[in-house]
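We begin with a single chain expressed as structure tokens, specifically the form predicted alone.
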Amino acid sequence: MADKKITENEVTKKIAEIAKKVYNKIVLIEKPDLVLPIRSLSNVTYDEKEGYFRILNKEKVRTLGANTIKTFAQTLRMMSLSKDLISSEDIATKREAYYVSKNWGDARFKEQPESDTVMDDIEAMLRVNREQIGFVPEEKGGAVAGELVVIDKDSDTGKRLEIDCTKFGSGAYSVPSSVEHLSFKTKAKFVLAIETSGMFERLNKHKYWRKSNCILVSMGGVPTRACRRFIRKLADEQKIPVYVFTDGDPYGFGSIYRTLKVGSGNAAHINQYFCVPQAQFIGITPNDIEDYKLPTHPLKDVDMKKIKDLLKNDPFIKHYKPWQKALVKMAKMKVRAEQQALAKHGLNYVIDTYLPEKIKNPKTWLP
């Protein structure tokens, strides 16, 4: 990934070029504008061979005017902050960037979602990820346990560090916000990416990773970019499969799993690096709800809407008939089931029966 992405020097050069174009138009007493790609599912395409949502050519033009003057100014100020961070080899969290804007007078942001959106626009306009423009997320990258040695380096001395993920006792290794410098050693047979922290804790406590010779990764809901990139690097470098274990609901299917496997519309400009095309779904399916006689919860209106949206608008779902079939069946059943519902058959039923049966039977997986 690192050799394909543009360098920090090229990022600052791009920022300077955009600023110069704005300046030149102002000098000519013309309205300056900024051209940004549209970040949504309506502007992506999915090809199974590529393995990720690729951004198309739809763009929006932000022209300086009475209605756009604040957003326009905020975009330029954020780009200036980014250039300063890169030049000084510093970073700022998304939250810190929001507070820096409090010094921008009328261009300051009222709430962080506003600054996050402008940051995402700049990232997409430059076709880079936010770490390359100096901004890092506050959220953790995920937790890891099992048969894996992560090779890192000491930030002060540059000395090689080997971190054994079997040696954290009742805890786990925490994925850093940037993972490009990491490498790995493992003899594990597969990676198991898990939606909930609770299920991860159970599998880790009972050393499921030792019994199955695998690596456990807690996604904690929709996985962060760092978590996705970590899994992708690990799977690519070690050439091992990735199995994904989520709740049986539209959110687990269409937000958590889909985002991990092929990316999102919002980040389509970098999906090719932050997705795991080799992932396979072994989580709770509508068939599992019946076959394992799982306790369920009724689908809410928001769940039904999510199913309809996925079937109608999601390029990934529209590509795979097995996913369409599963979602249609769930809509007819009008129920969903959580990972923890397997506890009906015993707290460790998931370890002793469910996961072994699912992994042995690819016919029960979804693409």
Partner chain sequence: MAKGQVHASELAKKQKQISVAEFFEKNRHLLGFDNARRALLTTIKEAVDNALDACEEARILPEIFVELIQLDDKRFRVIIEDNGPGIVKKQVPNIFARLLYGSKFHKLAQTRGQQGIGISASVLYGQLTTGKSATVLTKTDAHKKAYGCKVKIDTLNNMPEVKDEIEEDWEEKDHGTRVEIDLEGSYHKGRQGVDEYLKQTAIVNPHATIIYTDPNAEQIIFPRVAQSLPPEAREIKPHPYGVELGILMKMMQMTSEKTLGAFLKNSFERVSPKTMKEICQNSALLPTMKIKAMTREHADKLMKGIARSKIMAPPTDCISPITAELLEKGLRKEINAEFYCSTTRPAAVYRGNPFIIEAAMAYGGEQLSDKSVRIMRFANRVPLLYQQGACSITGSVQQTSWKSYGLQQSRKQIPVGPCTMVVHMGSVWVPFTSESKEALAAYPEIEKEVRLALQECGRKLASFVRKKKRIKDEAKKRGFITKYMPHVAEALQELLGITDIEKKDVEDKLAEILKADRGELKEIKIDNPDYDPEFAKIGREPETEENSESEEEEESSTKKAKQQKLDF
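None of these values were measured; they are calculated from a predicted model. Positions refer to the first chain, counted from 1.
Separately, the form predicted in complex with the partner chain exists; it is not shown, and the next lines address it.
Partner contact region in the model of the complex: 80 to 88, out of 256 to 264, 80 to 88, 216 to 224, 154 to 162, criterion any non-hydrogen atom within 4.5 Å of the partner chain.
Although the partner is absent from the chain shown here, I26, I29 and G65 each have a heavy atom within 4.5 Å of the partner chain in the model of the complex. Though the partner is left out of this view, A92 does not reach within 4.5 Å of the partner chain in the model of the complex, counting heavy atoms only.
With a 4.5 Å cutoff on heavy atoms, F190 does not count as touching the partner chain in the model of the complex; it lies far away.
Within this chain, K325 is remote from the site of the partner chain in the model of the complex, having no heavy atom within 4.5 Å.
By the criterion of a heavy atom within 4.5 Å, W104 is counted among the residues contacting the partner chain in the model of the complex. With the partner omitted here, the residue from L76, A279, I122, A235 that has a non-hydrogen atom within 4.5 angstroms of the partner chain in the model of the complex is L76. The listed set K318, K308, K70, R54 contains one residue whose heavy atoms approach the partner chain in the model of the complex to within 4.5 Å, identified as K70.
Of all the residues from 269 to 288, none has a non-hydrogen atom no more than 4.5 Å from the partner chain in the model of the complex.
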